[in-house]
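Before any questions on how it binds or moves, here is one chain, the form predicted alone, in structure tokens.
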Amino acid sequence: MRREMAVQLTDRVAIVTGGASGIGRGIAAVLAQRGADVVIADIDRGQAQEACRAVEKLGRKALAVEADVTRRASTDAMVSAAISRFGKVDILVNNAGVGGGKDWWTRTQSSGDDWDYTYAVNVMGIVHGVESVQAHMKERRSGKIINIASTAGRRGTTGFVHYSASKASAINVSQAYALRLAPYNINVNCICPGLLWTPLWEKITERRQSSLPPEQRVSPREYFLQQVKAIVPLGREQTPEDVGKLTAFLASDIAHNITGQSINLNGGSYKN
């Protein structure tokens, strides 16, 4: 019988940006299962409140905060709200991310809006989150910061250049902050997920099949599973819960000597 390492986050307080859906919601659920209270920060307040109710059903406290990570004032307010409610922030998960600008999935080449918006969310969203929480963590001489990038940041992707570049930047930003914050006992690490069935990947499948004749197209889910079979050596898709489990590990005391790392969570894939 398989037994998992007992990672516990009892009474820790975590902020998860983009926590209302997809990977972020999966992360929030796992952190709550391991004992953490969770602040769900998302641009969609309604969905954030729904995600909070799911956390509360797991027996933990939750707070929904409307946050736009492209604005430093908004992430400052996010951190202030968390401290006001819970008295501290132990964990920050910078998960909020986008695939491009408006209707990015309808284009086969990156537009200027794609570049601007992915950089604003996928890179500056991390910077703003870290800059907003670091003074509090420095004062407490304790903190765990986990940034969610992508395996696309390891290898350029044809037709998705802006996204790959933003995730490569997320990896580098994580390494730089790990060096800067190490003297204050703050760990900064990065997770690079592979193939997960999320709203973003559903749009990717729509984009990739747009040039095919109608008779050759399949459902988005079927196309996704075909990609998993072709690309992932372990032969199975990754899930938001998988990302949550790795996040919980990196946020725990077990990982106190791990910092500046970017960890692939992709079933052994070396392609995008």
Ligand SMILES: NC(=O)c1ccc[n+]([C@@H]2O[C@H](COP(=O)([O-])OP(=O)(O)OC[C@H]3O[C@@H](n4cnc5c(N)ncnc54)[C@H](O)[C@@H]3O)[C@@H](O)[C@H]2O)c1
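Residues carry their position along the shown sequence, with the first being 1. The shown structure was predicted, so the numbers you read here are calculated from the model rather than taken from an experiment.
Heads up, the form predicted together with the named molecule isn't pictured, but that's what we're talking about next.
K.L.:
Taking Asp68, Ser150 and Lys167 as a possible spot, do all three reach the named molecule in the model of the complex with a heavy atom inside 4.5 Å?
P.N.:
Looking in the model of the complex, the three residues Asp68, Ser150 and Lys167 all sit within 4.5 Å of the named molecule (heavy atoms).
K.L.:
Taking the named molecule as it sits in the model of the complex, is Thr198 in contact with it (heavy atom to heavy atom, 4.5 Å or less)?
P.N.:
Although the named molecule is absent here, Thr198 would touch it in the model of the complex, with heavy atoms inside 4.5 Å.
K.L.:
Given that the partner is absent here, does Asp44 sit within 4.5 Å of the named molecule in the model of the complex, heavy atoms only?
P.N.:
Residue-level check for Asp44: yes, a contact with the named molecule.
K.L.:
Should Ala20 be counted as a contact of the named molecule in the model of the complex, where contact means heavy atoms within 4.5 Å?
P.N.:
Ala20: yes, in contact with the named molecule in the model of the complex.
K.L.:
Could you tell me if Tyr177 has a non-hydrogen atom within 4.5 Å of the named molecule in the model of the complex?
P.N.:
Outside the cut-off, so no.
K.L.:
Here the chain is shown alone; which of Leu181, Val121, Val89, Val130 has a heavy atom within 4.5 Å of the named molecule in the model of the complex?
P.N.:
Exactly one listed residue reaches within 4.5 Å, namely Val121.
K.L.:
Report the stretch among 141 to 149, 81 to 89, 108 to 116, 182 to 190 that approaches the named molecule in the model of the complex to within 4.5 Å, counting heavy atoms only.
P.N.:
Among the listed stretches, the partner-contacting one is 141 to 149.
K.L.:
In the model of the complex, which residues of 90 to 124 put a heavy atom within 4.5 Å of the named molecule?
P.N.:
The stretch touches the partner through Asn95, Ala96, Gly97, Val98, Tyr117, Val121.
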